[in-house]
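Single chain ahead, written as C-alpha cells, the form predicted on its own.
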Amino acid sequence: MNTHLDLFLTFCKIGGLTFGGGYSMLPMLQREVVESREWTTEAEIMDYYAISQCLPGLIAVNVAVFAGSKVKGPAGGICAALGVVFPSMVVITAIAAFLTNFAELPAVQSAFAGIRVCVLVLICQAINKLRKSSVVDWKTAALCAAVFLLSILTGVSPIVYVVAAALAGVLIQWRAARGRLDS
C-alpha cells in the first residue's frame, strides 16, 4: 500500500478510536505505530510526547507529525496529522449539526461518564508501559519522583519540567562519563 495513505489511515484509526486527548491515544499509538508497523520505537514515542508538550497545539497532532515525518519526511508528517484530526472533524461536525439538543439527556451524560473512566484506565496503562522503559535505575526513579511531586505541588509549566529533566539527564550522563574517565 502507498505509505502516505497507510500513514493517513493508521492515524485516522488512532484519531477515531481514542477519546480524551493526546495521552489517551498512547496505548493505540504504541500498538499501531511501534508494535504493528515498527515505524518508531517506544523511546522515540516518549521523546515525541515530551517534545509535543513543549510545543503549541494538540499533543496528538504534534506526535502524529513527528511519527509521520520519521516515516516519510514532511509529506508523511502532513498525512499523519491530517489522519489524526479527520475523525474528530467529522464527529464534531456531526455533533454540532445534530446532537447538541441531546447533550442534557441522562443517557448521553452517563455515556460520557463511562467514557471518562475508560480513558483514565487507558492512560494508566500507558503510564505503566512508559514507566517500565523509562524508570530503569535509582537515578531515573528519583528524577521521576521529583518531577511528579513538583508537578502536583506547584503550578509550574510542564515545559519547565521537560527542560529541567533534560538538563538533569545530561548532567547525570556527564558525571557518569567523567567518573569512568577518572578511574
Partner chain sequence: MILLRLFYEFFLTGLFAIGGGLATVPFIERISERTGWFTRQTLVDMIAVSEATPGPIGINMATYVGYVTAGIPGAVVASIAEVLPSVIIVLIMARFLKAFAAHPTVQAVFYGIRPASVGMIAAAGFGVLKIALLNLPGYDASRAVADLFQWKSLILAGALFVVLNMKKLRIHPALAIAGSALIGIVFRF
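Think of the rigid core as the biggest set of C-alphas that the two forms share within 1.5 Å after superposition. Positions refer to the first chain, counted from 1. A quick note: this is a predicted structure, and the numbers were derived from the prediction, not measured.
Below: the form predicted in complex with its partner chain, not depicted.
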{"item": "Non-hydrogen atom contact T18 with its partner chain in the predicted complex at 4.5 angstroms", "value": "yes"}
{"item": "Partner proximity in the predicted complex: P56 to its partner chain, non-hydrogen atom cutoff 4.5 Å", "value": "yes"}
{"item": "4.5 Å heavy atom contact, T40 to its partner chain in the predicted complex", "value": "no"}
{"item": "Partner proximity in the predicted complex: I172 to its partner chain, non-hydrogen atom cutoff 4.5 Å", "value": "yes"}
{"item": "Core-superposed C-alpha of A75 shifting 2 Å or more between the shown form and the other one", "value": "no"}
